[in-house]
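One chain comes next, on its own, written as structure tokens: the form predicted alone.
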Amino acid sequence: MKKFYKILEDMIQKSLQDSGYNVSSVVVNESNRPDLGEYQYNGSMTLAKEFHKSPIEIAKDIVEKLSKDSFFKDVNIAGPGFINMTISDQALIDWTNIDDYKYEKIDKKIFLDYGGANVAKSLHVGHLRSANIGEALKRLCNYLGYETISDTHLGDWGRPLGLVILELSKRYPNWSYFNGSHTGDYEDVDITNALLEEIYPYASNKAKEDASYLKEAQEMTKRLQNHEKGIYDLWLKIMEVSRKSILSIYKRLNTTFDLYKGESDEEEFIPELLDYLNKINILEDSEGAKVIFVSEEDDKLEIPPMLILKSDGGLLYSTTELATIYDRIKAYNPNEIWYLVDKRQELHFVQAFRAAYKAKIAPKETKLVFAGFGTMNGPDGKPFKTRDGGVMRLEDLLSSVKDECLKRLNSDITNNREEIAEKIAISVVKYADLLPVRDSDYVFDLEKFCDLEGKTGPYILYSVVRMKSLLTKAKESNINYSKISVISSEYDRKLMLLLNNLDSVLNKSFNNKSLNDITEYLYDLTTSYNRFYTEHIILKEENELKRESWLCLTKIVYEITNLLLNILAIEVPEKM
């Protein structure tokens, strides 16, 4: 991968070393004064304290060396010692012509936990961000050369399933699943996803109002977790139906996983985990329960102990979480585990990570990372709801966006309208969802995000379709192009500078575990291209060097834009 910023930083570091200033690293930024230069180095002020010289004196030493290099058109000093640099046309042309966008493989394994769907419930809009952010980060890691393993970690084991099975037993007591003496195969009962989605909220609300019903649900949960014949078999049937529905929604979002494990898969590791925790004497009594104390002296807020066993010996979600970490490290030995979940769950993961390190389940060198995200809100600034105040199903949201896209689709498009509208709709929800900084809340505005103008998925897609159309016309006209030879306008230059920022953008996104750097870059790149396109009549340009350069630029922008959209899991339609 060509690394433009690294070349700049290496050149400055060498000029410093040649002038007697030994520094381990240098950071170059885009200039905030484009009238003075395109890039800026501000390290002279820091070095002044270390080497007991004025910042201007150090800056002059650097400028003297850099000014001799043909890489730069201009190098100057501003203020107390800011160094501004403008790249020469030829250096910019040479760098943009380098066709190297691949990264070498990195010997590092990252495990990503995202999705988090609950079995027997419909996916709601709250699941959108985890799926979008997790999938995009996985693709980004892969592109940068990291090995990844992804798991959706289904919520498939616990009281919610006990409630569902209990209510089914009330409504359909004659099912053979509830006949303890039944032998042979069970009948093919008609369990649909719609039935499950209706049953869970009903049973959940009833358990809140009826103590005896809650007690029955608790008993049913124990029967399930003890793998009682019939009850466990019915759970398998529920899993089959619900999982199929969940995966169909993830498929619409272009979201995939290497593993489709759930809380139930960690059950087998819990006895082994508890035995280990007892052997190392890390469990302590707290009002009859067993806990791991995880608070630290420098905590600014109180961090409660992690509850491992209830006073009645019952297991908890936190027990399963620790067992999951135990399983993942034992089975896959990842260098890092990233959790892409709602930021409101931060305390739970602080407890889990500290417990894992304290118990030495996770080695010190294994990074456990909580990458929390904000909520997707409605116009009222509160978590997105339906008009009647209920939680909106994710499928309903996607369908409403698709309907809006169908209405806006060019009437000239008569073939594949549904498929095209679907791709545009997915771009709407994905781009809007990935545009804000990861841990920020945002308001989902259907009208705004479906628009062809502004920072929207449709705007990006329309720009890409325009580029492809131009390149297709050039091919049909037998116009050949192989390299950029000239910079003929400020629009050309702006595009080329943006293109050479790609490595910096990708790595910033990786380090921040946030896709907003990529979405903002996509908007800047396509906006810059659209201005370039408006200013130049490309195919009719008589100057062959200009035309060839402009077509090459178009091709590079087209390829980079597609590359980034693929990282975001956004597909480009043929037409719009």
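All residue numbers refer to positions in the sequence shown, first residue = 1. Source: prediction; values computed, not measured.
Quick note: we don't show the form predicted in complex with ligand ARG, though the next part is all about it.
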Is there a heavy atom of N118 lying 4.5 Å or less from a heavy atom of ligand ARG in the model of the complex? yes
Using the partner position in the model of the complex, report whether S295 sits within 4.5 Å of ligand ARG, counting heavy atoms only. no
Would you classify C450 as touching ligand ARG in the model of the complex, given a 4.5 Å non-hydrogen atom cut-off? no
Even though the partner isn't displayed, in the model of the complex is Y339 close enough to ligand ARG, meaning a heavy atom within 4.5 Å? yes
Could you work out which of E167, D327, E321, D492 is the residue within 4.5 angstroms of ligand ARG in the model of the complex, going by heavy atoms? E321
Quick one: of W175, Y442, Y213, F349, which gets a non-hydrogen atom within 4.5 angstroms of ligand ARG in the model of the complex? F349
Want to guess which of 201 to 209, 340 to 348, 228 to 236, 102 to 110 is within 4.5 Å of ligand ARG in the model of the complex, heavy atoms only? 340 to 348
Heavy atoms within 4.5 Å of ligand ARG in the model of the complex is the criterion; list the residues of 121 to 151 that meet it. H127
